[in-house]
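To begin, one chain is listed below as structure tokens, in the form predicted on its own.
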């Protein structure tokens, strides 16, 4: 009986052991199944990760695209210039200050105000641009002829009723044009000058480095006198030292009003002068700065600020 009991007890233990092994096997099976499922999920997820890497690659390509857009900004395209400005960084604004050069002898675009500081349409415009960019604007009154050569060293940009020319574009870049103008001829009130032919052989006054200066140099037989200040040329005209002065339309009209009865401003169309565009001169190759300034300029035109400045300084100017 004892032997039989021992045999039965051993049998029970084996059955229990087998049951225990069965439980472990069942517990392990789901674990293996879960791992397999996770591996399958990972395998399914892997193709999803590949497009993510492709998107990163697109981002790098997009960066190259931004560089192309930045390059296009130098050509004056507003939308691409804006994109370049947002994407790029310019050292010119790193210190939070935009240093601007002007020549405050060109009313109503720039002149010395009652407080002794430069004022005028251009000055108000560049300050409005500075507000859009979130930087302080400091204006330096300089000789016009030295403005272009000072960009990138003494000053960051220049705004001075400056015409975009091929010659200047060899040294600096320009913003989008903000004003179209034409040269006028200022002459004595009783002048007989009325055409390009009448300018030949005349004593002509111009402001040094301006479009009027370039035009006068091409006039046959003309004796050209260059001045740092346009008003000095007009004073010499009034005093009989010159036959006429070639200068931009708006300053010409200002001088006609200031010296009423002494001089007259004659439309440049009578002399076949072509229209020209004013723009802000910028450091060569700084497409980020060009983009930011072009974007600010566009916004000022869209929100009415630009037209308000024109009305205040140009259309209503009696400087």
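As the structure is a prediction and not an experimental result, all values here were calculated from the model. Numbering follows the first chain given and starts at 1.
Note that the form predicted in complex with a small molecule isn't included here; everything after this is about it.
Relative to the small molecule in the predicted complex, residues 160, 248 and 276 are all within 4.5 Å by at least one heavy atom.
Although the partner is absent here, residue 229 is not a contact residue: none of its heavy atoms lies within 4.5 angstroms of the small molecule in the predicted complex. In the predicted complex, residue 209 approaches the small molecule with a heavy atom inside 4.5 Å. In the predicted complex, the small molecule sits beyond 4.5 Å of every heavy atom of residue 184. Taking the partner from elsewhere, residue 121 is found to have every heavy atom lying beyond 4.5 Å of the small molecule in the predicted complex. The single contact residue among 154, 132, 202, 168, judged by any heavy atom lying within 4.5 Å of the small molecule in the predicted complex, is 168. Note on the interface: of 189-197, 90-98, 231-239, 210-218, the segment with non-hydrogen atoms within 4.5 angstroms of the small molecule in the predicted complex is 210-218.
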